[in-house]
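So this first bit is one chain, no partners, the form predicted on its own, shown in structure tokens.
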């Protein structure tokens, strides 16, 4: 059965609802969508994918999640790198699988951020600033890259 793209939704993990509220109120993330996108990037960078079953609030429509131009690419890149041996993961009919992978990395990223809050005894907003600064320091700063460079290491068959 194929699901219409308009019906695809992204869940927020219930166990991190308080952290997401803190990130929205104190770290100035305008929406839960933005928190999930940041958390998925953190989870992927930390190689932390954590399944969850209990969801908080109303799920976010996929079209809303992918409003920012980069976000659909982020969701697809994470899936393409996680399931690198299966190029069909990018098929339109497998959007729910890509979303599940994204959700699990977002949950893993939120788990990592919460651990950092607990270990560093800092508010989540400062942890976010430190994580961003660390990423830029380690990578030498933001540089323009092509899609080929972003997908390096991915083989299709």
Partner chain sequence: MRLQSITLTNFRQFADVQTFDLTSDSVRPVSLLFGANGAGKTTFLNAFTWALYGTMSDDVEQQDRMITDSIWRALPIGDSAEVAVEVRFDHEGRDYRVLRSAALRKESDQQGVFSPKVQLWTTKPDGSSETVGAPQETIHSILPRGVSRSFFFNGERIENLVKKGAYAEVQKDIKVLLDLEQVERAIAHLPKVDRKLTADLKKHGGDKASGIQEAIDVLDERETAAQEELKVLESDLATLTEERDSVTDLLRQHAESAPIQAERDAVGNELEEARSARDAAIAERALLVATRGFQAFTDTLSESTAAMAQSLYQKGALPAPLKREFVDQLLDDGSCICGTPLTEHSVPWEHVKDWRQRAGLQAVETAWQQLSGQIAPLSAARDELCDSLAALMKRIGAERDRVTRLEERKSELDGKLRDSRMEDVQALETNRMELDGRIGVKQQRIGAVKAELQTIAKEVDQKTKERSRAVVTDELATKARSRSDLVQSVKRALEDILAIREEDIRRRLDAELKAVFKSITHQNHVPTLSAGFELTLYKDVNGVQLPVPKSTGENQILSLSFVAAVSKLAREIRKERRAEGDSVEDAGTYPIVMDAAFGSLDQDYQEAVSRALAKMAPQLVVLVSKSQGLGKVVTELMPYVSHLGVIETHTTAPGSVSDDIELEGMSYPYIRAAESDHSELKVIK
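A quick note: this is a predicted structure, and the numbers were derived from the prediction, not measured. Positions refer to the first chain, counted from 1.
Another form, the form predicted together with its partner chain, is not on view; read the next lines as being about it.
S.K.: Check, residue by residue, if 50, 52 and 118 all come within 4.5 Å of its partner chain in the model of the complex, counting heavy atoms only.
M.R.: The answer is no: none of the three residues contacts the partner (heavy atom, 4.5 Å cut-off).
S.K.: Quick check on residue 135: any heavy atom within 4.5 Å of its partner chain in the model of the complex?
M.R.: Because a heavy atom of residue 135 falls inside 4.5 Å of its partner chain in the model of the complex, the answer is yes.
S.K.: According to a 4.5 angstroms non-hydrogen atom cut-off, is residue 38 in contact with its partner chain in the model of the complex?
M.R.: Residue-level check for residue 38: yes, a contact with its partner chain.
S.K.: Any of the heavy atoms of residue 28 lying within 4.5 Å of its partner chain in the model of the complex?
M.R.: Taking the distances in the model of the complex, the answer for residue 28 is yes, it comes within 4.5 Å of its partner chain.
S.K.: So in the model of the complex, is its partner chain close enough to residue 44 to count as touching (4.5 Å, heavy atoms)?
M.R.: Looking in the model of the complex, residue contacts with its partner chain include residue 44, since a heavy atom lies within 4.5 Å.
S.K.: Let me know which residues along 97-123 have a heavy atom within 4.5 Å of its partner chain in the model of the complex, or say none if there are none.
M.R.: Sequence-ordered list is empty.
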